[in-house]
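Just the one chain here, laid out as structure tokens, in the form predicted on its own.
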């Protein structure tokens, strides 16, 4: 399967009378976009704003971040099973508005959505401060259920990303990157001397506010299975969860999974990148046993020599992480796990809720309990009062001068467990 990603670089974003991409600037007709989004009768109001790198802007609470993309050729369409027909994606050409993103905010369903600062100390901890963000602010109708509320916000973000992505359909990309996979049989024949490596991608699936969707199916309803890595680049996996903001995988993370990109860079020279195994993170012990059994079984059936395992969330999912690691190692397959840590504000507590001696190769995205002070911003998009109750915040986090004292846990993407950040720990 061969996929070309055509990068159309976006260096600015502005509102205008016509939605278009011109000279690396993304222009958005906000009235047209709002009119389309208000077709969802669960929403009371929708407004649109812009947040650019370096501006004194704070966005909170953040529901999701999505990168605009459009299928130019090949089977299927972006976000199959959700906004598009259920058809296998991951081949042909997909154009990407690189440097732009849709961010959704507004009244929150729960308490875990986080903060994106576009400048200052907070901007250093989130990758989304570097993007030209179109922010969609949604307020649901009063009688709406939590499930309908979450879905409405999720769909608003995806629809907006598709709307923007379409603007890149007829544009010649500034750069084209090619990703190609071959069959397992072909890989064995073509790379006989290279170690066979797979990626076990753990997906949050613990219920409302903790769901991930694969081709439109809630992952908690699925057994562990195999997916082609290029399918993620076309939106086969989307985020429906909040978790803690620091280690939540947004839809943007899935579209740009750095583990997959790095494995492709080494494919054919240092290793044979065989496939991605996707598995869930359910609540009950029996479900964890079942899913980890299948992860190890598939790794063995595929004849893998090594596996990278990435987690999402913390606490309860630490058990899934260690089960996957322990059972795959027991098959004689070397593992590396990617996680983050909740080691207390002084860093002296146990980092994970579970552990095993087989987990002896660990990459950490930092300590989520580390406390930071975020300076006041000139402009707030969303509802800043929620920082007193978000995960990582506390009563008094929001100070009178507009500054915020929180744990890194409250900053979107700060300790991402795909390694989509700049932190680590010792």
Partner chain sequence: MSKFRVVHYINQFFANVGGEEMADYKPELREGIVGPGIAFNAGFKDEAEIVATVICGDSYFNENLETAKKEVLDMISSCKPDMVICGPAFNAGRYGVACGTVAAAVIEKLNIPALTGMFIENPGADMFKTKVHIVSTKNSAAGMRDAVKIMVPLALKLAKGEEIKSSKQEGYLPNGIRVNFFEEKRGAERAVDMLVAKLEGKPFTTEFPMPDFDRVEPAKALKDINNAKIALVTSGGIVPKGNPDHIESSSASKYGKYSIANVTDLVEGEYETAHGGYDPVYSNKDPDRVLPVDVLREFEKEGKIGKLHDYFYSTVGNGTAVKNAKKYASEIAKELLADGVNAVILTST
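Numbering follows the first chain given and starts at 1. The shown structure was predicted, so the numbers you read here are calculated from the model rather than taken from an experiment.
The next section is about a form of this same protein that is not shown, the form predicted in complex with the partner chain.
Look at 217 to 225, 178 to 186, 124 to 132, 281 to 289: in the predicted bound form, residues with non-hydrogen atoms within 4.5 angstroms of the partner chain sit in 124 to 132. The candidate site formed by 197, 357 and 418 is fully in contact with the partner chain in the predicted bound form, as each residue has a non-hydrogen atom within 4.5 angstroms of it. Proximity to the partner chain in the predicted bound form, defined as a heavy atom within 4.5 Å, holds among 173, 268, 258, 92 only for 258. Contact check for residue 245: every heavy atom lies farther than 4.5 Å from the partner chain in the predicted bound form. Contact annotation: residue 307 falls within 4.5 Å of the partner chain in the predicted bound form, judged by heavy atom distances.
A residue is said to contact a partner when one of its heavy atoms sits within 4.5 Å of a partner heavy atom; residue 263 meets this definition for the partner chain in the predicted bound form.
Remark: residue 351 counts among the residues lining the partner chain in the predicted bound form, judged by a heavy atom distance of 4.5 Å or less. Taking a 4.5 Å heavy atom cutoff to the partner chain in the predicted bound form, the contacting residues in 394 to 426 are 408, 418, 419, 420, 421, 422, 423, 424, 425, 426.
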